[in-house]
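What follows is one chain in structure tokens, specifically the form predicted on its own.
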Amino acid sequence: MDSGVLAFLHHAFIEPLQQGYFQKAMLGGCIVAIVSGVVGCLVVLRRMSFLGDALSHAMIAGVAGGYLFMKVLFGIEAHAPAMLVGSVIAAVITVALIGFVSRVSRVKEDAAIGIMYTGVFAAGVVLVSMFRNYIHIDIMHFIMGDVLGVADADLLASGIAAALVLTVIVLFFRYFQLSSFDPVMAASIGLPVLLIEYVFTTCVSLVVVSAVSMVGVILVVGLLITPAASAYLLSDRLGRMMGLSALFGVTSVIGGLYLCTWLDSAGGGAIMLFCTLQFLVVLIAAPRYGMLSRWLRLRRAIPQSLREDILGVVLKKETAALATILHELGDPAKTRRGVLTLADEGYLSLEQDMYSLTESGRKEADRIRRAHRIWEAYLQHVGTPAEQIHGRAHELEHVGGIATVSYLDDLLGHPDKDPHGQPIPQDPALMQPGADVALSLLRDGQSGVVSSIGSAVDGTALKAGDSVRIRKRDGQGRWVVLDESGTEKSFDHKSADTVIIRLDR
């Protein structure tokens, strides 16, 4: 390799490693990054990112209290353990106040966090200003951090905090995991969810406190959240996510330290800049959840409207050649891919170059036809011009899904024909032998046994256990049934909705 290149690499990468301040910064930063990455995964999964910001700001009150305590009683300044204990106490008080406000008032938790952390932060600022003759805290250092000036006391404090937090996470991993993903189930099997919440919050507080002296209150939240978010884009398993998050945190510290050395910039800012750039790379290139993979999936995906149009064409023609489908729908490349996809999924079958619907394909096509004709009936009901009904219904049949179609069907009184006199298919998902179906959804010729009747129905008209056959609706649109004795009985829409028929098998 060229001597000039070797000299450049030595100057850029080796010389910083030979500096004591760089070694301390890397050691302390990596300790904080590992524990922040592990705990940050639970913070992200619990959607508590804002809480990290609150704790980091509330710390100033604890730092000031610990500083003042040691200065007044013992005459000691900048005593790291005392400030650490004070910071943890301030963080726990902040969390307790947030929980109290959100429980006893209609104020939501996010608003309670905003109120309490700014209040505690303000109390810390007032405390520092009132006792400025006793407390000598560099506010800029507190806000921005000084990773290149890590003291031995900071290393010791961060090491102890990291050891404690990682021990708790390892010992109670299953409890944290279950309460993060399903707190209701955790409570139902007897886990002390509230206690777990407070233990976890204490762990977050320790992490925040140990990191603030290096990266400051502004950037500690990023170190807690960003590596975990990067790992979240790459993994669906919590254990693997924690490992990746710790790795991203370490690479952020190492990369950021080199970056601040090359650019002669603030260490904490460089670390978080590198961490953010790392996240953006993962956001773009993640194989499953990245922007690039999502764009490729969308490019390859077949729009639901095209899938339904293809099934509709084949349903209308019974069997259709690929050329016919392409002619009907246009966009040859996408339509061809859609036909092949539907065949692979079992909705279409191919015999002698002709496509036809399979059983599942026919059910899906009937669902689409039903949606189209109910939309036509609705459009006529609201006064849409007759020449526009078909085209508008073709656009709307893909909108809203089954729930919307069922709502319109009920609103219109369950019509059995569209405006053109064509029969509206019944919902194939409901019309299974042995299924319990409302009388209002049944048609002429269907039969079954009365399963239940609502209070709106005259008890002498029908009773549970009666065998009935559905007849054609009368001139007033009422539902007519023929009971076991051969007597016809009719019901209005409201009553028919409450009569449940178990269809004959």
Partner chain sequence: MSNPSSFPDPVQTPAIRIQNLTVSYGPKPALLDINLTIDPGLLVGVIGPNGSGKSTFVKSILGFVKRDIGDVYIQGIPTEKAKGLVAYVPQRGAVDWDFPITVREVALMGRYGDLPWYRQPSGKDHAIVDDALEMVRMQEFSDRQIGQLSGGQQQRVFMARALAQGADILLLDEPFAGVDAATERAILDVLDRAKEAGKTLVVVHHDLATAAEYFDRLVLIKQRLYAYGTPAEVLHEDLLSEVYEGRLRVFADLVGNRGDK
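Predicted model, so just to flag it, every value in this text is computed and none were measured. Residue numbers count along the first chain shown, from 1. If you superpose the two forms and keep the largest set of C-alpha atoms that fall within 1.5 Å, you have the rigid core.
Only in words, not in the display: the form predicted together with the partner chain, which the text now covers.
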| property | result |
| --- | --- |
| Option from 258-266, 85-93, 243-251, 286-294 whose residues, in the predicted bound form, bring a heavy atom within 4.5 Å of the partner chain | 286-294 |
| is_contact(Asp236, the partner chain) in the predicted bound form, heavy atom dist at most 4.5 Å | yes |
| Exercise: Pro419 in contact with the partner chain in the predicted bound form, heavy atom 4.5 Å | no |
| Exercise: Ile189 in contact with the partner chain in the predicted bound form, heavy atom 4.5 Å | yes |
| 4.5 angstroms heavy atom contact with the partner chain in the predicted bound form for Leu171 | yes |
| Candidate from Leu45, Val437, Leu462, Leu68 lying within 4.5 Å of the partner chain in the predicted bound form - any heavy atom | Leu45 |
| Contact assignment for the partner chain in the predicted bound form, among Tyr407, Phe131, Tyr198, Phe100, heavy atom within 4.5 Å | Tyr407 |
| Partner contacts for 167-201, taking the partner chain in the predicted bound form and a 4.5 Å heavy atom cut-off | Leu171, Phe172, Arg174, Tyr175, Gln177, Leu178, Ser180, Phe181, Asp182, Pro183, Val184, Met185, Ala187, Ser188, Ile189, Gly190 |
| Core-superposed comparison between the shown form and the other one, Leu412 Cα displacement 2 Å or beyond | yes |
